[in-house]
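As structure tokens, one chain now follows by itself in the form predicted on its own.
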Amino acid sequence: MIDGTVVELSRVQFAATALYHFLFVPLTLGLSFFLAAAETVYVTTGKAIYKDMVDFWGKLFLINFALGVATGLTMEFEFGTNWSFYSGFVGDIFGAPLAIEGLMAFFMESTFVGLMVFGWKRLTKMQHLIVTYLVAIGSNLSALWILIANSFMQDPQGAKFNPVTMRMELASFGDLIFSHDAQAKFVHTSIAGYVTASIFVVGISAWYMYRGRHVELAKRSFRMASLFGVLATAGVITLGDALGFVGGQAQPSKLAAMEAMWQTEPAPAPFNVIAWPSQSQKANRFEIQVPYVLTPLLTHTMTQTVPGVDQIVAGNVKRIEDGIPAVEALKVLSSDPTNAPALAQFDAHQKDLGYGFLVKRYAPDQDVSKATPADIQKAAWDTIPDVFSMFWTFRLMVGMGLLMLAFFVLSVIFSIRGDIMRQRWFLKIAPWMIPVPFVACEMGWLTAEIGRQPWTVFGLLPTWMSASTHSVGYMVFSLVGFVTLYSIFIAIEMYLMVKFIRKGPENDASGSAPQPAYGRGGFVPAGAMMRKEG
């Protein structure tokens, strides 16, 4: 059996690289469509200031895009180096969307990014606009294929285990790409990227307005991003509910952990607003509940029962007991693939094969036929992810989503009323909102991935079986190396972003290139701003 420390270090390493990479992805997704929208206005109105907006925000997009590519390349290699059993077990299915992403979406966006940067003097306005849209579409298609691959790990659809080849094989490409989890996750994640980009643009534009620099460009960027943001935030909250509904059907253990629901309650169940879950006590140390809210929230009915941890564990005990004969049959088939009795036994129990694997780590000599009821109970409790982490990462994500919705509603109101320059307090706090969507996206990723444990492929392949047989020393060395390298990438991104934001647009058609600041601290007094606006 693979050393448990190696498995945990492999998980930490992948989580670290994914979290670093996911700092770049949402901004790329959102900024690409913001650039397309601004250029559309430029082409249709002919106003040069919108071209200046594309030039300026395009530079920040390129910085983020380049470092996003650099951090993303290594992740695909990690599947082969650190998760070799997983790669062999599901490579036929998992590799297909990743290959399409690389051959189609990534090359598409990479090629057209070059045309977008260098094509202003070589292409017509309309041709350049099409190129910009293709960059945006390519970026989002890239996200689509990666999320299809990820969704197979969350809700494996379109595949079947072949006991002769001893691996999962693709049974339906349509079921794979049109799984409910994949579609819901793609829409939710893409729109989260639009929210991220909107706050990024609003925050920087507010900073310029607060300091009286590039005011005209900043006001137009602020207005476009505010409208973009309020719609996107409403969408991401609505589709987050849809994703929760879909995910709850496929992964009830994740849902129970997110809600810290240890016991099954009669419908309509109460909703835990705040709780302090304890995995060791299998209960909440304290909780504040709102009655009758959880059932309609999760099932969209008032009568459907939401299974708690106790019911899920009891059900998984039976699935483990049913999966043990499948594992035993597989042992026979590994040496004699044509053994008819073993094939018949496998067919009868294969739907619970993964649950049979779960108990292997506790059974004496890893022989599932020797597993005791106590071993099966331990394995059944393994199917519940860490409730404390799930409960709080989910609530932090939701809380930040509501905060961003309130922020965008205010920004739209101020922008439509035309008095944003008088809202000094809002301009002052807006730049501090820039980290919020990034943190929310990270919390969302943690909720999805921690909630998938103890599986790499939910219900099919336990995480402890999936890793490669490295040494602990190798894993520590590579983990430190990745964290160091990616931290350098983050530092480079921050340096370049700050440098170009401080410099500002090079060609500001509004003529409001760096203006002298007024008043204490270099800030423009509201009255002076009002006169300037008039």
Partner chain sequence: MELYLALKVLWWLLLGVLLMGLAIMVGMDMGVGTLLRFVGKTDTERRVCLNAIGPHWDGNQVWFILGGGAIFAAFPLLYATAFSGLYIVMLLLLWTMIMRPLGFEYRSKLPSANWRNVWDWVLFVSGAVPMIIYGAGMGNMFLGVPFHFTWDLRSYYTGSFLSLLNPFAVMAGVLSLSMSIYMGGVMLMGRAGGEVARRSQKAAIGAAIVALVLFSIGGFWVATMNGYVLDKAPAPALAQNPLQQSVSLQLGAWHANFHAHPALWLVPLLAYAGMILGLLAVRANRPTLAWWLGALAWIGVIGTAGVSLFPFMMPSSANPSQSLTLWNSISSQTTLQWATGFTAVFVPLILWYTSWAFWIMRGTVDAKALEHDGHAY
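Since the structure is predicted, the reported quantities are computational estimates derived from the model, not experimental observations. Residue numbers count along the first chain shown, from 1.
Keep in mind that the form predicted in complex with the partner chain is missing from the display, and what follows is about it.
Undergrad: Using heavy atoms only and a 4.5 Å cut-off, decide whether all three of P337, G481 and K499 touch the partner chain in the predicted complex.
TA: Yes, all three are in contact.
Undergrad: Since exactly one of Q311, T74, Q350, T305 fits, which has a heavy atom within 4.5 Å of the partner chain in the predicted complex?
TA: Checking each option against the partner chain in the predicted complex, the one that comes within 4.5 Å is T74.
Undergrad: Please pick, from P270, P296, G88, P431, the one residue with any non-hydrogen atom lying within 4.5 angstroms of the partner chain in the predicted complex.
TA: By the 4.5 Å heavy-atom cutoff, the listed residue in contact is G88.
Undergrad: Closest heavy atom of P341 to the partner chain in the predicted complex, within 4.5 Å or not?
TA: No, P341 sits far enough from the partner chain in the predicted complex that none of its heavy atoms falls within 4.5 Å.
Undergrad: My question is simply whether D52 lines the interface with the partner chain in the predicted complex - judged by any non-hydrogen atom within 4.5 Å.
TA: No - in the predicted complex, heavy atoms of D52 and the partner chain never come within 4.5 Å of each other.
Undergrad: Heavy atoms within 4.5 Å of the partner chain in the predicted complex: does F152 have any?
TA: Output for F152 is no: heavy atoms all beyond 4.5 Å of the partner chain.
Undergrad: Heavy atoms within 4.5 Å of the partner chain in the predicted complex: does N82 have any?
TA: Yes - in the predicted complex, heavy atoms of N82 and the partner chain come within 4.5 Å of each other.
Undergrad: Just one of 405 to 413, 165 to 173, 389 to 397, 431 to 439 has residues with a heavy atom within 4.5 Å of the partner chain in the predicted complex, so point it out.
TA: Selected stretch: 165 to 173.
Undergrad: Can you name the residues of 64 to 103 that have a non-hydrogen atom within 4.5 angstroms of the partner chain in the predicted complex?
TA: Residues within 4.5 Å: F65, A66, L67, V69, A70, L73, T74, E76, F77, F79, G80, T81, N82, S84, F85, S87, G88, G91, D92, F94, G95, A96, L98, A99, I100, G102, L103.
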